[in-house]
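Have a look below at one chain only, the form predicted alone, in structure tokens format.
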Amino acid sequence: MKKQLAMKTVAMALMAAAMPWGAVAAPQVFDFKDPKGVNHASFKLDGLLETISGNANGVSGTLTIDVAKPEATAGTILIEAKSLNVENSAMREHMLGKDWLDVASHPAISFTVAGLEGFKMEGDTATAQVKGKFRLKGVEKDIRVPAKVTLLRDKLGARSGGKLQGDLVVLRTEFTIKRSDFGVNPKAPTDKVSDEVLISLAIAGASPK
């Protein structure tokens, strides 16, 4: 009986080691600065009369993930405010200006991660509520957003064309903020420019070996 129990324990340990989230004991730092420029955020304001959508490719920042204690995940994701873009050039000029984002005075949009709540595993992907502070136009607010985090062991080579070896983490999230909460032209008519802004992220961070 003891022998069977010992063999079962060893087998479970080997299975855990083979799983992406069970392969490393030490915390890992994942860097979201992507030389290829693939990482980006998208946003959408769905007003009654107009829908405005765009993206931003100036993504950087790091996350530290400890697979033994994933709830302690911490770090900061940054978006370069002047990298926000919409198709209409005049609209983009207004968006980056003082009344709206005022990128000259507030060059970065940030989400500082303070931890995960409700952590659950689904294969190699974890789902959780990410808690932290969202900062826009100099205003910072506590938020909680749903996220999926996929840990991909030894996949950095495939992404970098073999130039680097290591692990990847892919972070996916979608959440809504109110621009008026952050002083982004709160007097603008909401039928044309929705107060609610839908933000989506699907970004990969690298941890080279």
Partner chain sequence: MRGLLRVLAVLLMGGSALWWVQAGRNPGWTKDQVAVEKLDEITGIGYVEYEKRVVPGVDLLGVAWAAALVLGGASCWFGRKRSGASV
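Note that the coordinates shown come from a computational prediction; the quantities given were computed from them, not determined experimentally. Residue numbers count along the first chain shown, from 1.
One more form of this protein should be noted, the form predicted together with its partner chain, which is absent from this view; the next part is about it.
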Would residue 85 show up as a contact with its partner chain in the predicted bound form if we use heavy atoms at 4.5 Å? yes
Is residue 105 close enough to touch its partner chain in the predicted bound form, meaning at least one heavy atom pair within 4.5 Å? no
Tell me, yes or no, whether residue 39 is in contact with its partner chain in the predicted bound form, where a contact means a heavy atom of each within 4.5 Å. yes
Given that the partner is absent here, does residue 206 sit within 4.5 Å of its partner chain in the predicted bound form, heavy atoms only? no
Which residue, 172, 178, 33, 144, has a heavy atom that falls within 4.5 Å of its partner chain in the predicted bound form? 172
Answer key: of 164, 152, 29, 67, within 4.5 Å of its partner chain in the predicted bound form (heavy atoms) is 152
Per contact check vs its partner chain in the predicted bound form (non-hydrogen atom within 4.5 angstroms), the hit among 136-144, 58-66, 178-186, 152-160 is 152-160
